[in-house]
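One chain comes next, on its own, written as structure tokens: the form predicted alone.
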């Protein structure tokens, strides 16, 4: 199995390379030219590292030579000052160029796995809960729409040229060393602060018609310290929920989508077994870091929950870590994963609105 991994220096990408190398696969890692995270791959000297931009067909063709399997993780996650056409060019047409590169390769494609996102379900206002693979996909933001277009391009190209494929839709992927930055006062203040971006935020439907969320949050938070453990709840005092995904479980799900016969032709949600409740997650932070806990009441309800029943039934995906496990492992010195090497948990995990990125 000769596997091309795009976005190989990213949070999931570097750990995917590690998983494939451990399994004995022949791996080629595709990264952006000049990617500052390239040193993450130095631990795998047998891996062939190639540089290619998803807008450069010639470089992509070179990266695809002789590969039999593709794990397509690379994507533009963050809008920032990136022109809209470039954003779509990377996530949608970049997938097309990669498929064309695979077809031009001297090897017959045996499996193409596309990493998509819960962002295709409009996470700011999900159409239902839990979200299943058949749930309505009307993202209404640039990131989710471009990822959905990538899915459509893959399905159509696969039908036209007989390419065995599968799609994985990630929940919010967390590297363990990032978990401790979540469910803090500073974390939610930053997230709610995206309301100032208007409809340029992927969470704009959450803020729509609610102009005072930041004010309400600050009134209840008072003068609490930034590291205070914080969860959000609705007017009925029911906690908000969100589906998370440990990066190691994300990698295992992708590996199964790449290798299990039952994966072909299907899309799979990948998430933790049970969505994280804000009250329970805040308790984890409070207990494990010895900080106070605060629940803040919001005027709206928000539940972002993914069902993984299909992944369990078809490919035997069974995630091993919940949020407590992520935080615990993030505090350990003997990491069994490649760190994300991010400087801010808030920015790296959530922010698709400022800066630029090209790896999952």
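Residue numbers count along the first chain shown, from 1. Note that this is a predicted model, so its numbers are computed, not measured.
What comes next is about the form predicted in complex with a small molecule, which is not displayed.
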Worksheet item: Pick from 171, 230, 179, 258: which has a non-hydrogen atom within 4.5 Å of the small molecule in the predicted complex?
Response: 171
Item to complete: Consider the chain as shown here, without its partner, and state which of 240, 143, 187, 194 has a heavy atom within 4.5 Å of the small molecule in the predicted complex.
Response: 143
Response to the item:
Within 4.5 Å of the small molecule in the predicted complex by heavy atoms, the stretch out of 111 to 119, 218 to 226, 198 to 206, 260 to 268 is 111 to 119
Discussion item. With the distance limit set at 4.5 angstroms and only heavy atoms considered, check whether 64, 93 and 101 all reach the small molecule in the predicted complex.
Written reply: no
Item to complete: Please run the contact check for residue 291 against the small molecule in the predicted complex: heavy atoms, 4.5 angstroms, yes or no?
Response: no
Worksheet item: For residue 309, is any heavy atom within 4.5 Å of the small molecule in the predicted complex, or not?
Response: no
Worksheet item: Does any heavy atom of residue 281 come within 4.5 Å of a heavy atom of the small molecule in the predicted complex?
Response: no
Discussion item. Can you work out whether residue 338 and the small molecule are in contact in the predicted complex, taking contact to mean some heavy atom pair no more than 4.5 Å apart?
Written reply: no
